[in-house]
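The chain that follows stands alone, in the form predicted on its own, written as structure tokens.
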């Protein structure tokens, strides 16, 4: 048996106020006058109290990342081209925001040193050169993007990550203060990404003691935060940040499952954001994850969150076929969920019926 030898994040700092050490952390990574580029979620564009804390020096630049849509390969290539035209070389790229912003930072870091289009690297272990230095600083928690070896991108023909040992961040800064003011719905959808991929990991065929240890802890933290706490507080911020980290670690040696596989199709065709897309799908997956879906519905009710319904109603047959194509291309996710004979179980017609429920 051949075991996966996977790359972890280089350095981790955790704690309230950890963001204040960013200047000190970046200092040894600066190369001459080559700037640090800060990719910042556009949510912070008109929030100078936050952006003023970014430790800019010399030619450093803040680039506000448009997260209206999930990261696209053409956006990655555009930013890479603009940075190369303006600076030639950069010392590093720092992603500050949710999963989409951190994924953009990882992707552009890799494309500063690898030729062609980012669409050429959608898949497993296609990246051949290390990127420039990259750091991730989450201001939302749940996706696990801060620890994963992928950067999920929508390309010309599919939605698929750049999965490689060169993708993980060199440094992550986990500061619970940064997630305290997240909009309630957005916080919930993103946190449920963590909850859902823990359920999928723990009930998957790829499960081993490594992924189980992290997944069980992340699931326990989500249950405590969303089912037991009477109200949101600082302790919830800290626990959610660690649930995201542990959940991301769980799927490093495992995989996600049905909800993610189906959600990728929604995202590709309808542009549905990852967190809310997972919630839309998971809400209808009782036949696959009965206990997880029951708990999820209780969390939705307790926190008074609305899950969109009937989003596929009236879609053309061609668009539904495209969603099915994208979903079925994610073989590792289906195999983890259903086993090696997944293609006999998840036929196109069964998947078409599932999309019709959404």
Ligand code: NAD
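Residue numbers count along the first chain shown, from 1. Just so it is clear, the structure is predicted and the values come from calculations on it, not from any experiment.
Below, we turn to the form predicted together with the named molecule, even though it does not appear here.
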(message) To verify the annotation, which of these, 286, 233, 181, 81, has a non-hydrogen atom within 4.5 Å of the named molecule in the predicted complex?
(response) 181
(message) If the cut-off is 4.5 angstroms on heavy atoms, which of these, 139, 73, 114, 211, is the one near the named molecule in the predicted complex?
(response) 139
(message) Whether residue 145 contacts the named molecule in the predicted complex should be assessed with a 4.5 Å heavy atom distance threshold; does it?
(response) yes
(request) Considering only heavy atoms, tell me if residue 223 and the named molecule come within 4.5 Å of each other in the predicted complex. (result) no
(message) Taking the named molecule as it sits in the predicted complex, is residue 159 near enough to touch it, meaning that at least one heavy atom pair lies within 4.5 angstroms?
(response) yes
(message) Taking the named molecule as it sits in the predicted complex, is residue 274 in contact with it (heavy atom to heavy atom, 4.5 Å or less)?
(response) yes
(request) Determine which one of 125-133, 96-104, 200-208, 214-222 lies within 4.5 Å of the named molecule in the predicted complex, judging by heavy atom distances; exactly one does. (result) 96-104
(request) Report yes if all three of 67, 186 and 190 come within 4.5 Å of the named molecule in the predicted complex by some heavy atom, otherwise no. (result) yes
(message) Pick out the residues of 211-241 whose heavy atoms come within 4.5 Å of the named molecule in the predicted complex.
(response) none
